[in-house]
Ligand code: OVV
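Presented below, as structure tokens, is a lone chain in the form predicted on its own.
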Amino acid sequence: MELIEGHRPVTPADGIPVLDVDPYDPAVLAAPHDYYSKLRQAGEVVFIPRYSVLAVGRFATTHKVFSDHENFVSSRGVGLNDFALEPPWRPPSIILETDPPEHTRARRVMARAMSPKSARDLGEMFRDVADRIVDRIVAAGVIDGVADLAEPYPTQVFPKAVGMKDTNARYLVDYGAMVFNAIGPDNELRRTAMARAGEIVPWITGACTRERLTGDGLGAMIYADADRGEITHDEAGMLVRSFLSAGVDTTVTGIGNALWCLSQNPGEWDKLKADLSLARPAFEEVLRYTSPVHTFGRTAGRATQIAGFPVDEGTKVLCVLGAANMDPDKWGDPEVFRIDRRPSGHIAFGAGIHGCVGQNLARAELEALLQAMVARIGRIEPAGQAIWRPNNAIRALDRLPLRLIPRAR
């Protein structure tokens, strides 16, 4: 049998609409909203012949498929490659690419390390770093929101939180981009990212070993659980690497997207300045509005159905989170960015047992950063054209020219 991008071709059931689109075209990735709209309008589930996959983009159906770990598994890969048919480029993540009971064991360890208490304990460090960086960018006046803020902040605070003795901001950002591009097809984006694997992956692996970690960070907590026998020491190293693949690039993306949203909507920035309690809801609205992770895949682990249509075992299904988070049937006016929306239930952080285990830390980081910005910045204005960086799974900015007007004292 000839595979398509590492998975079995799909024969869609009668009645499933066909959507002739390449969702991984760089032009679509840079400006995806027309694709999102067409996907939702086409039906509850559609067939995309370019990759011989099914795709879902309406909120209710996407949420149901994405969180149904019994029928739609992660252990066969969250991209196009079916791990049951072709080996992945690296050992599968024991948190992202497993199912219960293996996933339950690993998630329990990760959840304990990245608990609300951990986020609170790290809060002072998050605030100190945020204050220093924001002081610097306000003094500069005109900045690149990505290079001068979105990348420096998480690549400083997250290695400290993990307890890494070695840091390389470029490797940390590029490793995340590599992992998420690998989820997509064998296109130019994936090949370009993977070309640096031989350079970056050994550094990441070495930096996450026990001897290269301090004794008081999140990484040490993971290895301590290995000492107690809850996981193996090899698995501990894999979980520490998971911190970096899922905890840096997505936070860089979330910060950049927040800066873009607030610079494009000055009235919402004014709301935030007037009421700092809106910092957390503002971040949730950024997540809904921009969906930093735009697409994750699932594989039908057995014959099942989506919205009444039969789905064969082995079928790859794209869960288009970006489309679901812009579904007017769920949000009413999804194209409007409102920081007081309080978009409870968005799926930018996933859903079900695979909800993002690091979301407590991500929220704490962003809240500390927004607080530092509100205290110092009167206005955030575009200073040029924002450029989006196409990625097979991440909706991220490449450049974001901004002008920062200091807040009157």
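Residue indices: 1-based, along the sequence shown. This one's a predicted model, so the numbers in the text were calculated from it and none came from an experiment.
Missing here is the form predicted in complex with the named molecule; even so, the following discussion is about that form.
This chain lacks the partner; the member of Ala300, Val286, Ala246, Ala177 within 4.5 angstroms of the named molecule in the model of the complex by a non-hydrogen atom is Ala246. Among the residues Asn265, Ser118, Asn168, Ser93, the one placing a heavy atom within 4.5 Å of the named molecule in the model of the complex is Ser93. Looking at 313-321, 85-93, 67-75, 334-342, the stretch with residues near the named molecule in the model of the complex, meaning non-hydrogen atoms within 4.5 angstroms, turns out to be 85-93. Shown alone here, Asn257 lies farther than 4.5 Å from the named molecule in the model of the complex, counting heavy atoms only. Proximity of Ser242 to the named molecule in the model of the complex: non-hydrogen atoms within 4.5 Å are present. By the criterion of a heavy atom within 4.5 Å, Phe296 is counted among the residues contacting the named molecule in the model of the complex.
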